[in-house]
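In the block that follows, a single chain appears as structure tokens, in the form predicted alone.
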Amino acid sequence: MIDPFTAVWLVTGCSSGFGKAIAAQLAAVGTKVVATARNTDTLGYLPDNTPHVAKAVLDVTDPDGIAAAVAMATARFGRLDIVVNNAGIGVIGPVEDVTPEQTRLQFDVNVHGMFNVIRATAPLFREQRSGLYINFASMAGEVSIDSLGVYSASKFAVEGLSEALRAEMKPYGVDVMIVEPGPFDTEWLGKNAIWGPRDEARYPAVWRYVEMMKDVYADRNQVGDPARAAEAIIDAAGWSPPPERLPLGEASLGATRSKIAALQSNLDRVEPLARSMHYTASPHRSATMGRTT
């Protein structure tokens, strides 16, 4: 079990949103934190010349820069205990219309960027035989919706790599917690959004849904408070063991419950056909082939 308040944290994407909220709360209570961003000028909300706070340039698409930031962190504090993989962007638009360049950028930041940070820090965790990765996915990593196909694909990938990482690192005493936020009052639809080509004649329903999302994100009665999310994440980091998944907000809880119900319904429907694959299947197997309900 890691005490989150005596641990050494490294947080990516601290210029805004969840990363900013987590870094600010840790710094406020005297917890050692390495706050990172592509431009440290965006970290002005954190104090300078404070023993427990370090600021570092870190672009998750730059492995050399990540290595330098990790080296600085360990030189400053002697170890790392918790790594928060928060940095990310969101590509918005229909799957058909989002450009190949935008799709590659989505995966370079959200997926390959996380791999880069993990590769730079996993040797430290294995050597000290303890650690915690807090990997940001999304409710869109459980349920994909109109206009977020490419973004969801990247977050589904985060879920998959995190599950494998958890199994691989367990013998070394390292945990992995996946965070799945719903709508929150962040820059997700602002500076961190990348818009695909907009053809409303081809996909009018998709773009109507996008406008609805904008309304939701503009309404503080419907979106979550990043400060409260940060409190929940820091709290859960101290659980023994930490939760495998941490959905944040009513929307995320509801979406995941609906997905579980849909998966169970589909399994029930296809179970006879699925079981018919074995060589020892019942002789009447062929009678069920092609039948739907």
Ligand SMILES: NC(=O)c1ccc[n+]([C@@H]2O[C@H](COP(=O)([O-])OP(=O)(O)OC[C@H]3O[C@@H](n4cnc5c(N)ncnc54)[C@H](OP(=O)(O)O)[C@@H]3O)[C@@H](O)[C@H]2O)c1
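In this text, residue numbers run from 1 along the sequence as written. If you're wondering where the values come from, they're calculated on a predicted model, not measured in any experiment.
Only in words, not in the display: the form predicted together with this ligand, which the text now covers.
This chain lacks the partner; the member of V109, L80, I134, I92 within 4.5 angstroms of this ligand in the predicted bound form by a non-hydrogen atom is V109. Picking from 164 to 172, 199 to 207, 124 to 132, 183 to 191 the stretch near this ligand in the predicted bound form, with a 4.5 Å limit on heavy atoms, gives 183 to 191.
With respect to this ligand in the predicted bound form, the three residues G17, D59 and S138 uniformly fall within 4.5 angstroms at the level of their nearest heavy atom. Put simply, R38 is close to this ligand in the predicted bound form: some heavy atom of it is within 4.5 Å. At a distance threshold of 4.5 angstroms between non-hydrogen atoms, S152 is out of contact with this ligand in the predicted bound form.
Remark: Y217 counts among the residues lining this ligand in the predicted bound form, judged by a heavy atom distance of 4.5 Å or less.
In the predicted bound form, N116 stays away from this ligand, with no heavy atom inside 4.5 Å. Contacts with this ligand in the predicted bound form, taken as any heavy atom within 4.5 Å, map within 76 to 91 to N86, A87, G88, I89.
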